[in-house]
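Below sits a lone chain in structure tokens, taken as the form predicted alone.
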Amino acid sequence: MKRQLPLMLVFLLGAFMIIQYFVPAQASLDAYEFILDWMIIIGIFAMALGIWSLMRVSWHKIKRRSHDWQYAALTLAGLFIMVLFGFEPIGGGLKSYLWLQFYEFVMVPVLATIFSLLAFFMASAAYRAFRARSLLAAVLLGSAMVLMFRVLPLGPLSDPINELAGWILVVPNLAAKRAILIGVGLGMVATSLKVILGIERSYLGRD
């Protein structure tokens, strides 16, 4: 029963979410909105579970003095400080001076650092991808050069380069994006059907 009940709930709710799209009735719409409200409630509990899991894992690292346990201590300290200053009676809420100071001078620099590192990784990947070792790589390199040149003041060449860049974005680029979106959509449908029919059971854990 420990495994059958979740599988039954997933099947019933998944089947209902599919069928309700084809039922043009107010009762179907009301049931759909009711389930969406429960999804928000479950999401809140899932966030609480995630916070508890983060606290538990970080505390075990600190207790055992595992490798880089200092980062776990900083994580817990940042979590408690932001939550404490976010409460209206204690710290003054999300517009309090201390909460804004921690957000602007700790959180924002950390995010900027992460995005800066991503920029270096993207530049490295672009360097490897744009080397014209084959015909497709040469086409990719030529397209990238055209798209970069369109922002430069090239005088009489600006108009034809802009037209060519617009064609690249609207025709081959949009076709590739649509193919990717179709593939992602088919993958989502296949995964959803596997979960609804009980073929995919990894969300149940190992027990």
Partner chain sequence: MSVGLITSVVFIGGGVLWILVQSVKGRDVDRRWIFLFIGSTVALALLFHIRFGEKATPIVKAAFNQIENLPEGASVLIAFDYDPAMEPEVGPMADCFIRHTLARKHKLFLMTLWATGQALMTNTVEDVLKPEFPEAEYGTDYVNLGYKVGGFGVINVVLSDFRAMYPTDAHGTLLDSLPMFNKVRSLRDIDLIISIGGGTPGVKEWVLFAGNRGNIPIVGGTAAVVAPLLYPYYPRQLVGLLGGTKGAAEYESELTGNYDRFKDMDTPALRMMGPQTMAHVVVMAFIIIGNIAYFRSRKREGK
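Computed from a prediction, not measured in an experiment: that's the story for all the values here. Positions refer to the first chain, counted from 1.
Keep in mind that the form predicted together with the partner chain is missing from the display, and what follows is about it.
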> According to a 4.5 angstroms non-hydrogen atom cut-off, is residue 62 in contact with the partner chain in the predicted complex?
Replying inline: no
> Any idea whether residue 118 and residue 149 get closer or farther by CA distance in the predicted complex, knowing it moves 3 angstroms or more?
Replying inline: closer
